[in-house]
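One chain comes next, on its own, written out as C-alpha cells in the form predicted alone.
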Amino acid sequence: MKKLPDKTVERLSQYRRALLDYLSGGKQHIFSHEIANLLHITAVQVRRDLMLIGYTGTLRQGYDVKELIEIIGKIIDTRDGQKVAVVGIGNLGRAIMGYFSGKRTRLSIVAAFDVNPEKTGKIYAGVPCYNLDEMEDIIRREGISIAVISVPGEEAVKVAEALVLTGIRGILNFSPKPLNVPPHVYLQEYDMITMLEKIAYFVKKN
C-alpha cells in the first residue's frame, strides 16, 4: 500500500476507536454516514478514506465493524508493537503517561526521562523515570523508536537533537517551541495555546 496522507492516518485511528465503542454495543455493521456522525465529519470523507485503504462495504449492510477494525490495525500497527519514551515528567508528562496507560496494546510507554533528581528513580503509571543523562543508553537498549517531548520550550530543541542522535524515528512535541528534525524523523507538534486561541476565536464569532 502507498503511503497514506497524514490526515487520513489520523482519521483511521479515530475510526478504530469509535468502531471499538460501536462494536461493544453489540452492533456488527455500520454505514459511512453513521461513522461520519460519530466523528462529526462527512460521509464522503469516510468513504474516501476507506477507499484509500482498499476497503468497501455493501449497499445493504454497510461495513463489517470487526473486519474494518482489524484492517485498520494491520495498517497502523506494527506486528511486534513500538516502544515510546516521555521526556519531561512535569504535570503534563505525568498526565500523558497516566492517560495512555492501558489504552493500546501495540504502543507502550516504557521509559521516562527528567533532570530533576526528585523524580528520577521513581515509577510513574508503571513507567520508570531515568535521569536525562541515561537517555541514549536506555533508548538504544530498549529499542525505543518514538519519543514524546513535554519539557519547557527553552529545553525542547536540545532534547530533540539528543533524541535524533539516539536513533528516535518519531517525535510528538508538546512543548511551545517549534522543532526542526531531519527528514527521516516524523515530527508531530501539538501547540495547546494555538488550539485554545482557535477555539476562542470561533467562540467570539458565534
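The term rigid core refers to the maximal set of C-alpha atoms that superpose within 1.5 Å between the two forms. All values reported here derive from a predicted model rather than from experimental measurement. Sequential numbering from 1, following the sequence displayed.
This next part talks about the form predicted together with a further copy of the same chain, which is not shown.
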a further copy of the same chain in the predicted bound form: contacting segment from 43 to 51, 61 to 69, 24 to 32, 140 to 148, heavy atom within 4.5 Å: 140 to 148
Contact label in the predicted bound form: residue 116 to a further copy of the same chain, heavy atom within 4.5 Å: no
4.5 angstroms heavy atom contact with a further copy of the same chain in the predicted bound form for residue 176: yes
Residue 170: touches a further copy of the same chain in the predicted bound form, heavy atom cutoff 4.5 angstroms: yes
Close approach of residue 77 to a further copy of the same chain in the predicted bound form, 4.5 Å, heavy atom: yes
a further copy of the same chain in the predicted bound form - contacting residues of 182 to 203, heavy atom within 4.5 Å: 186, 188, 190, 191, 192, 193, 194, 195, 196, 197, 198, 199, 200, 201, 202, 203
CA of residue 196, rigid core aligned, shift of 2 Å or more between the shown form and the other one: yes
